[in-house]
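One protein chain, two forms: both are listed below as structure tokens, the first as structure 1 and the second as structure 2.
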Structure 1
Amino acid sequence: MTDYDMLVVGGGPIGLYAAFYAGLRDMKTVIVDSQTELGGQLVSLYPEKIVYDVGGYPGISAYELAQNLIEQAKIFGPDFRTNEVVNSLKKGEDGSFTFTTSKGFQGRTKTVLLAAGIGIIQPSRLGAKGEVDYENKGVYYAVKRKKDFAGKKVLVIGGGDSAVDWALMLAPLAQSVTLIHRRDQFRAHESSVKQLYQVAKVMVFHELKEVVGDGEKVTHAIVFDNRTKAETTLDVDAIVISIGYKGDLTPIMGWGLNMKGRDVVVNGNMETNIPGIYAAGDIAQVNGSPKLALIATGFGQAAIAISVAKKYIDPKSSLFGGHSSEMDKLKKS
């Protein structure tokens, strides 16, 4: 079994920053994330969006910000485990924690940082015939790289901000964009909806019935009018389903943590009710403080959590580890 000083549950922006900061404090760290790509919501939910409110970046795409965080996290060489869920966490009599992942990996750690955000990110599916069979073969739940849609006949499904934004974003480079929505009301800015009607074919009161393909890729979509049940076959080669995401907190719910709704309650030291377990970022609710689910807020919380965890492991160490100018001594080549 591998021994660590710190297990970071979740490789979103806050987990990645925490892994860097733990390295700065010379803690042997492992970071586990359920997604195939690190970056959490930045990569899974809005990679092409520009983020304007992270210090030091007047504007940066979410995907690029995630890549920078990964690069920074790598500086001290933590273990990265992706496409893997931390399923169980048990505290032993010596105070250390044993954790097991969905790939059967077992580790022991002195401390744990929960940076699990909204939980294991999973797209909401429609359940239409053929939908699952063609996932990543023409059926997508996010626009990760818009250039992948260049020249394609795209069907976007949904009526929220993301669906409308993606349709607008793809319209200039796709061969055609059709958007279907089950109602005639959109949960998107009025100006965006107005623009949408100019650049895309919009079919309200329409839903997806079936994804049709040749086994390798999508060729058609059968949609229906939910008022009349009349069906229309659309010639498409990419379908973007944007009806929201779910965050699954099931594993964490079973670890004996004090929770308030979907949040793990922490004090100002980012300590949970279990000594040695900390939380930061979207999953954390600091008792008595307003919750701002923002990247900037989470970075600060991660720095506090790691500093407190360092002192928990080594009471002789100082809480404040100093400025990053000293880090060259620690850097792994």
Structure 2
Amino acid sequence: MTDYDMLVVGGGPIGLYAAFYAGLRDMKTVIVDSQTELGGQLVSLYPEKIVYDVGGYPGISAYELAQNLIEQAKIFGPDFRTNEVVNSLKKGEDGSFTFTTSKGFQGRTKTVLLAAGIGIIQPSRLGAKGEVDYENKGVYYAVKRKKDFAGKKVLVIGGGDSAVDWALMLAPLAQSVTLIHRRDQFRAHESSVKQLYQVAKVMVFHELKEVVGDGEKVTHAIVFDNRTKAETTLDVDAIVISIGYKGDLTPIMGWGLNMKGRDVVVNGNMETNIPGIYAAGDIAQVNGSPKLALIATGFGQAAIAISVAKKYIDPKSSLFGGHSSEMDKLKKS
């Protein structure tokens, strides 16, 4: 059994930054993440999008930001365990926690930071005929690489920011882009919707009925007008279904945490109701404070959680570990 000072549940931007900051405080850390690739939503949902609200970057692609965070986290050599879920977490009489992952890995940790975002991410599916059969054979739930859609006839489904943004992003590369939405009202920004009508074919009050292919790839999509039920067959090479994602928090539900809906309730020190367990980022709700689901907010919360956790482990240590510019560890890396 491997011993750690901190277990970070979640390998998204907040978990990665937390691992780095824990390294600054000389804490041995392990990150456990359910996805096959570190980076969380930055990588799995919108890697090609530009992030504008992270300090120090006037604009940076989500994927590049994730890679930078990974490299930063690696400075202090934390353990990374991807494509795994923490199935069980038990507190011992000495105050430490024993945990087991879905791959049978067992570890012991003095503290835990929950940075799981919305949980294990699963795309929302339409349930149309042929949809599941052609997943990753022309049916996608995110645009991970724009170049994969170059020269293709693309159908985008959805009316939110992600759907509209992807349609706009692919329009210059694709042979054609058609977007269908079940209503005539969009949740996306008005300026984006206005631009959408200029670069793509937009079919409102339309839904997907069936995905048709040759067994290896998508060739057509059958859509229908939900007012008249009239059907239209579209010649397409790729279908991007963007109707949202679901987050599964089931693994942590049985840990005895105080939760408010899907959020873990914490105080200003990012402490949960269980001593030694902390939360930061999208999963955390600070009592008495507004919730801002921003990466920038999560970074600050992670720094607070790590600092408080360090003092929890070693009461003689200082809550504030000093400025990183003064630390020799970074220079030696």
Ligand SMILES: Cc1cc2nc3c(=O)[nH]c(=O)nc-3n(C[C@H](O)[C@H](O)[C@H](O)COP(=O)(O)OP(=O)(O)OC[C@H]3O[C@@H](n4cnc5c(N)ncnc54)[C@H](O)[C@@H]3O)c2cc1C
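Throughout, residue numbering runs from 1 along the sequence of structure 1. For clarity, every value in this text was computed on a predicted model and none was experimentally measured. Just so we're on the same page, rigid core means the largest C-alpha set that superposes within 1.5 Å between forms.
Student: Which of the two shown corresponds to the form predicted in complex with this ligand?
Tutor: Pick structure 1; the other is not the form predicted in complex with this ligand.
Student: Rigid parts compared between the two structures: L257 grouped with E190?
Tutor: L257 belongs to a rigid part other than that of E190.
Student: Looking at the two forms, how many whole degrees does the smaller rigid part turn against the larger between the two structures?
Tutor: About the hinge, the smaller body moves through 14 degrees.
Student: Rigid core superposed, G159 Cα shift between the two structures in Å?
Tutor: That residue's C-alpha sits 4.0 Å away in the other form.
Student: For D133, give the CA shift between the two structures in Å, the superposition being done on the rigid core.
Tutor: Superposing on the rigid core gives a C-alpha shift of 5.1 Å for D133.
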